[in-house]
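Next up: a single chain in structure tokens, the form predicted alone.
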Amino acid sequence: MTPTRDKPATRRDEAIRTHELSKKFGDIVAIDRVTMTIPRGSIFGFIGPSGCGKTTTMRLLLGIYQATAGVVEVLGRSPDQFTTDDRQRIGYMPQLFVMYPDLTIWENLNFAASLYGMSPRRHKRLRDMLELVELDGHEHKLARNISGGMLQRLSLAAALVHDPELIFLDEPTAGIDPVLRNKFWEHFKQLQSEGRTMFITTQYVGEAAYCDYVGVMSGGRLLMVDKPGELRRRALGGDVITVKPARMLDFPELRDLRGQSFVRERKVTINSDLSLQLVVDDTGTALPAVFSWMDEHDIGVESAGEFNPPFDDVFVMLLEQERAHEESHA
């Protein structure tokens, strides 16, 4: 599945491309025919239930796993043909801590920098990374003596220390407090503004709203790829307006409202607080029409606006829709 773009993509525009990418472990299908294209300079969020194949897909893109079938290209090259220079253009933060527990925070970060051939005069870069992840002042602590959250932050610093062009982050904000999590996303956005491409898996579904494109994974299959707003529209059936009238509508009024051209498929529901939810094509044009209809029927409006449910709810709705679709075609 390919993100919606304003113009056709060329290979030069693509950071990642897969076609029918599959991976089996014995008789178990872990990844089932995943097809996607991720533009350079974008933030791609990968969401899905635990065990659905997000990490396996990332490892295929990095060349850690070999594909059973299909095509995969990263920065224009198959991962099994990566050169040393190619790998230096890529940063990777794995889900689990893979650095050295008997080295200090500073020694671990310095070692990671040396692996990428960074200049010995890299002191300032290391200091900047420690400040970003709020580990400055802790650099002399052994990795085995710090908390899980601090290990997570050290792993992120190691993935970014060599200033890579393409960055793979496997649940980078897991176990991080909300304030620091927001700081990380601000930095991710800054990296994007500098031309970096980011491929991020996350257990916090709400973080999908920060991404340019979101891939929804379930059971080893990529269900869809789209912009966050379009995924919300897909889950809800369109834009949704919530209107709180000054009085309850009677049945003829409700029937008439459902029949208006700005209401999609007659979808008007009444909430427990007697507010109305209307599914419409576009909030910008439908909202004035709603006010006009209310005014014509002498119904005051206490409040009105667009309904944007949390992305957690959107994700659940998308999975439920996919499950219902599969059952209807079984």
Partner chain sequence: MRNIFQFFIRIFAFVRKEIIVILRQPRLVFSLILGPFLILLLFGIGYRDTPRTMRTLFVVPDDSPMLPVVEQYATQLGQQISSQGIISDPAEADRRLRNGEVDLVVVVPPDPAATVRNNEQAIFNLYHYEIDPYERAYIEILGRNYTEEINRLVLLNAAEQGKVEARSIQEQISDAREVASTARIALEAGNEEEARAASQQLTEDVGVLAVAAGSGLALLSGVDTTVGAETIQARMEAVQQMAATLNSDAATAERAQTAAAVESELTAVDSLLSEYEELDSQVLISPFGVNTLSITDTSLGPTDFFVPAVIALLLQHFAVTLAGLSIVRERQDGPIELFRASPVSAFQTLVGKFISYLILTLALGAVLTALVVFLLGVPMLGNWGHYALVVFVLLCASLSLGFFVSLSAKTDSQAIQSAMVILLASIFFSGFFLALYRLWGPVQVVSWALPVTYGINLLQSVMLRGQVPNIILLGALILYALVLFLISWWRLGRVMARQ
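Bear in mind the structure is a predicted one, so any value in this text is a computation, not a measurement. Positions refer to the first chain, counted from 1.
The same protein has a further form, the form predicted in complex with its partner chain, not shown here; the description that follows concerns it.
Undergrad: Of these, 100-108, 183-191, 235-243, 215-223, which stretch puts a heavy atom within 4.5 angstroms of its partner chain in the model of the complex?
TA: Correct option: 100-108.
Undergrad: At 4.5 Å by heavy atoms, is each residue in 65, 84 and 116 next to its partner chain in the model of the complex?
TA: Looking in the model of the complex, the three residues 65, 84 and 116 all sit within 4.5 Å of its partner chain (heavy atoms).
Undergrad: Would you check, heavy atoms only and a 4.5 Å threshold, whether residue 164 touches its partner chain in the model of the complex?
TA: No, residue 164 sits far enough from its partner chain in the model of the complex that none of its heavy atoms falls within 4.5 Å.
Undergrad: Please check if residue 142 has a heavy atom lying within 4.5 Å of any heavy atom of its partner chain in the model of the complex.
TA: Result yes; residue 142 sits at the interface with its partner chain in the model of the complex.
Undergrad: Report yes if any heavy atom of residue 210 sits within 4.5 Å of a heavy atom of its partner chain in the model of the complex; otherwise report no.
TA: So residue 210 does not count as contacting its partner chain.
Undergrad: Quick check on residue 206: any heavy atom within 4.5 Å of its partner chain in the model of the complex?
TA: The answer is no: residue 206 has no heavy atom within 4.5 Å of its partner chain.
Undergrad: Tell me, which of 122, 227, 258, 138 has a heavy atom within 4.5 angstroms of its partner chain in the model of the complex?
TA: After the contact test, the surviving option is 122.
Undergrad: Of the residues 177, 131, 80, 250, which one places a heavy atom within 4.5 Å of its partner chain in the model of the complex?
TA: Flagged contact: 80.
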